[in-house]
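This document opens with one chain alone, in structure tokens, the form predicted on its own.
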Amino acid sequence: MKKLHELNFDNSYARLPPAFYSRHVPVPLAQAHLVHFNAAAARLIDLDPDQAARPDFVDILTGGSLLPEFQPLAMCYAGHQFGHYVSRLGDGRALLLGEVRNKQGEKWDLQLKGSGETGYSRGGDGRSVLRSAIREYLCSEAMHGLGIPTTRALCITGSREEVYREQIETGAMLLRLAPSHVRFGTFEYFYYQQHFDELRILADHVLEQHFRHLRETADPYLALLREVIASTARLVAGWQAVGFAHGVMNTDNMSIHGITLDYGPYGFLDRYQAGFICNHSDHSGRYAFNRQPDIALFNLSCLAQTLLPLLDAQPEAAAELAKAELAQYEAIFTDDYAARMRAKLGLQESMPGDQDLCADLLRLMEDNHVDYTLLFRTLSGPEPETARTLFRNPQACDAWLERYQARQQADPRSAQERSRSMEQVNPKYILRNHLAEAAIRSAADDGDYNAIDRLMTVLQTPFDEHPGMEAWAAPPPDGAQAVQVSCSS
């Protein structure tokens, strides 16, 4: 493991032409201090976790005393926001400090959020608040624990600096890790300006740095589109299976790596509600839970449009090639989602009627206000029939349970083997909104960060039992659905 100054920096994005970014330096927060450090994330970049104890650790990572290897920059991009194209967005409160390549050869961006104004701030202050930093920190680790591809977070730093949102809050910074922060909107930025030379430079950079195995294919740009379509389809299938609502699936919030990017408003389902909206700004329900698969396809079509000038074909033929790739999305998503739901029900092999069995269960759960995570965890236990007690009308579940038990007879495994396999895919713990809010209140109001530490421990291993933490596996105290949350940060 390495010290901070020993990390293997390879700042490839900073070597691109100036059209791709603007250079800035972080603006330190007043009286910054370490709120929490993620040792598991540190290992991704070969960083010795003991480095978090060095006196200048916070100063180095928040802009007070930058490493010589840092080349901080704000990336520019555009994006479709709630279906409408916005031609210039960019990192308005984040800076890419640099890129670290670990001993496995993997590259990780170090991006600092809340680091002050940039050329893309559009009148904003460029700051984050402690509340939003904790929410992203916890959720990125929760998603990783659930096996969903995601950005990670190395640490949160807090301060005494006041930041104005709906009310006065304390400023904070989050150091985020990702293979890269290239988004669908990065491609859109150059495509819609008809800067096709820069568009090709971007695509070649992405292929060289992150998709080298595609460089020698017949049409590398088409192969890149194909891979992003597949990884995005599987990502959203994972979201749907664990009951995660992203909240703001704009194209500038979609990663070319098929990972969960930008945790603004988000929510995990408490009681099952297909049309759950976790963002109070989403007045039309565009990004409702059950619309996420279709929105992902829309976003992918936006990405495909940007790659047309690069494809090795005439314009009409290029469009047909892209359409053919996009046509594969539904099958990839459907197959992956079906496999995940079969696993949640302990069904090893696909059989006719499995999709109906699952769909009927979800309808019953919605009609009876059943908690999504608790239901599947109960089905995983030694007495799955007790799941009926979670329904407002237990009799409504009886006929479905009979069908389910009959279907299980076709599974060659023992009940114990099936239960063990189900417990490995049906978490006992998710990041319920009331748990996140409790940790935030402890940190923001009382300066007590222990709740973050305890919650992180559970979220990193959500399929385990964690004796003494059973209350955190229960639905919200009032039995209500997860509340909608604000976009402000």
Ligand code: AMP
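Please read these numbers as outputs of a predicted model, since none were measured by experiment. One-based numbering along the sequence shown.
Keep in mind that the form predicted in complex with adenosine monophosphate is missing from the display, and what follows is about it.
- Within 4.5 Å of adenosine monophosphate in the model of the complex, a heavy atom is found for none of 43, 69 and 101.
- Proximity to adenosine monophosphate in the model of the complex, defined as a heavy atom within 4.5 Å, holds among 381, 124, 353, 315 only for 124.
- Exactly one listed residue, out of 266, 333, 77, 272, brings a non-hydrogen atom to within 4.5 Å of adenosine monophosphate in the model of the complex: 77.
- Residues of just one listed stretch (187-195, 248-256, 300-308, 232-240) have heavy atoms within 4.5 Å of adenosine monophosphate in the model of the complex: 248-256.
- With a 4.5 Å cutoff on heavy atoms, residue 181 does not count as touching adenosine monophosphate in the model of the complex; it lies far away.
- Using a 4.5 angstroms limit between non-hydrogen atoms, residue 411 is distant from adenosine monophosphate in the model of the complex.
- Within this chain, residue 386 is remote from the site of adenosine monophosphate in the model of the complex, having no heavy atom within 4.5 Å.
- Heavy atoms of residue 290 never reach within 4.5 Å of adenosine monophosphate in the model of the complex, leaving it off the interface.
- In the model of the complex, just one residue of 132-171 lies within 4.5 Å of adenosine monophosphate by at least one heavy atom: 165.
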